[in-house]
Structures are given as C-alpha cells and as structure tokens.
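Here's a solo chain for you in structure tokens, the form predicted on its own.
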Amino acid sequence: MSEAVTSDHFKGGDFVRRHRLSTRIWHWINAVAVLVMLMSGLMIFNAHPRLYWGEYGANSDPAWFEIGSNADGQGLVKIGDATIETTGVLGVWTDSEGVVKKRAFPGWATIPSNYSLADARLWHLAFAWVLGLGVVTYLFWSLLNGHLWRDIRMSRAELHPKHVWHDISEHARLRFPTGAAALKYNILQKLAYSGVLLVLLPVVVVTGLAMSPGMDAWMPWITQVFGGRQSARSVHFLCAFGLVAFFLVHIAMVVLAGPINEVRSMITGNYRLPKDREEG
C-alpha cells in the first residue's frame, strides 16, 4: 500500500518516491505476520475442522462448513448442504513420505507441518501480538499523517456505478494508469485497501480476542457482539480467507503491473512511473 504523492509535472519514465518508510516496514512485517498466522491457524483448524453459528459447537452439532472424509476414504468439503470431493487436496492427502493422512489441510500449508495443536497455538499467539500492534500503530499513524483521509477516502463520484464499472473494465483489459495518474489510488484500490485496513484486519483481531478464554472471561460482550463464541470463530476464518483472497489478487496485480518496479518501490520507496501507452 502506498501514499499517493502526486504532482502534475511528473510524467511516464520518471523516478519518484512512492512509499514512506513507515509503510514499507509495516507492509513486510504485516506480510510475514499474516502468513505465519494463516498457516498456524490452519493447523489449529485441523484440530476441529468444522465451523458453526451460535455459542456452542461440537461433533454432534450441524456445521455450516466442514473439511473431512467419508467412510470410503474420500476427502470432502461441505458447505451447508453442498458437498465437494477434495481427495488429494483437502481432507485426505499424501505427505512427502507417501503416507496417506486424513486431516483437513496438508502439512505444507500449516505451521508446524506435523500435527501439533500446542505448537500451532504458540506460533499463532506470538504473531497475533505482532499483527495486532502493527494494525493499531499503522492506523493511528495513518490518521495522524492524513493518509486515510487523503488517499483512501472515496468521493461520491468515485462510488458511482458508472465510474466503478469503468475501472473494472480497464483492469480487465490490463489498461493500468500511467504517468502521474499511477501515483493515485483508483476506486478498486481504495475499496480493497479500506476493506483490509478498516474491516478485515480489525475484525480478525477482535474475533481472535473473542475466542481467547481469558478475554472471554474478562470481556464476555465481545463474543455476544458476534452472536456467540462459535459465530466469532466462523467470522474469524471468513476474514482470514478474505485476506487470502486480497493477497492473491494483490500478487496478480503486482505481476501484471511489473513486478520489479512494484517490489522495488516497496523495498526502497523508489518507483518508475509507467509510460503512456502511446509512448510504448
């Protein structure tokens, strides 16, 4: 994520400073924290690969989401009444030594790779502090320096369906902004970044607190806000996979827009403005 530094005299091919140091540091720390928390969270999910709504949930209760296997040894993902066979990917898979495992997520996607709920919780809790403090610090700093108001705030004109559709069609044709316009957030970026900064990350932190027995005893209203402990767990996982979806789209856009230039700007802060299409 960047803070737009715009100037009319910039043109395609110019080198500019695109990202503040605080943004670059937060970006990479956050990337590592989210990755570790996701992988350790998948191991925690392996201990009970079912999601429920409400306060309580156990094996005998109806789950709205489940990853497992049937009596025939087939891997299955169940979403409501729908069932999808996932043998070899989820539910039932073969490890690096050729041993068939019946577990929701494979070892290459979890921390640790071998089943250990205790170790997964240690990793998850340690990096939860990194993520939580990072989110609070970055949001506070973004309010102080005006980043949220200046770069993320959406105008009524930008939210007009015609404007949103225009940006969608331009991206679908891989026609990305050039010159000084590349320094400004378009409406799709604003929607995505505000969704991550103001919704997904804060909610994933709060629902994580709601699942903590200590926090639940201290502030029981947290789980009540989400309709129960199991509802908080479901929202937690939905937000986590929302972050995965954002990450995949983000990486795709970086690759399509020019990975060297984009990654360099997030490491050094220096960014070469894309040339206008007619300039080649």
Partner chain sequence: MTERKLIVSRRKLLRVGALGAGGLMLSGCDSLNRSEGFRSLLEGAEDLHKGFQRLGGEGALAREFAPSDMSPVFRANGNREIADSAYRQMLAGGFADWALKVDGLVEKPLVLPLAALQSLPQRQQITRHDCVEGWSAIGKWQGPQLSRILDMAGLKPQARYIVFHCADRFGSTPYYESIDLIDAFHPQTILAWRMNDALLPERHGAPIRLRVERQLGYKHAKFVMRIEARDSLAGLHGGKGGYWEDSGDYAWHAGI
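The model shown is predicted, which means the values in this text are computed figures rather than measured ones. Numbering follows the first chain given and starts at 1.
Separately, the form predicted together with its partner chain exists; it is not shown, and the next lines address it.
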Q: Give a yes or no on whether every one of Val164, Leu198 and Ile251 sits within 4.5 angstroms of its partner chain in the model of the complex by heavy atom.
A: no
**Q.** Interface membership of Ser69, its partner chain in the model of the complex, 4.5 Å heavy atom rule
**A.** no
Q) Would Ile260 count as a contact of its partner chain in the model of the complex, using a 4.5 angstroms cut-off between non-hydrogen atoms? A) yes
Q.
With the partner left out here, check for me: in the model of the complex, does some heavy atom of Ser113 sit within 4.5 Å of its partner chain?
A. yes
Q. With the cut-off set at 4.5 Å between non-hydrogen atoms, does Gly57 touch its partner chain in the model of the complex?
A. yes
Q) 86-94, 147-155, 176-184, 105-113: which one contacts its partner chain in the model of the complex at 4.5 Å, heavy atom to heavy atom? A) 105-113
Q. Among the candidate residues Ala126, Leu159, Ile79, Leu139, which is the single one with a non-hydrogen atom no more than 4.5 Å from its partner chain in the model of the complex?
A. Ala126
Q: Enumerate the residues of 85-101 that have a non-hydrogen atom within 4.5 Å of its partner chain in the model of the complex, in sequence order, or give none.
A: none
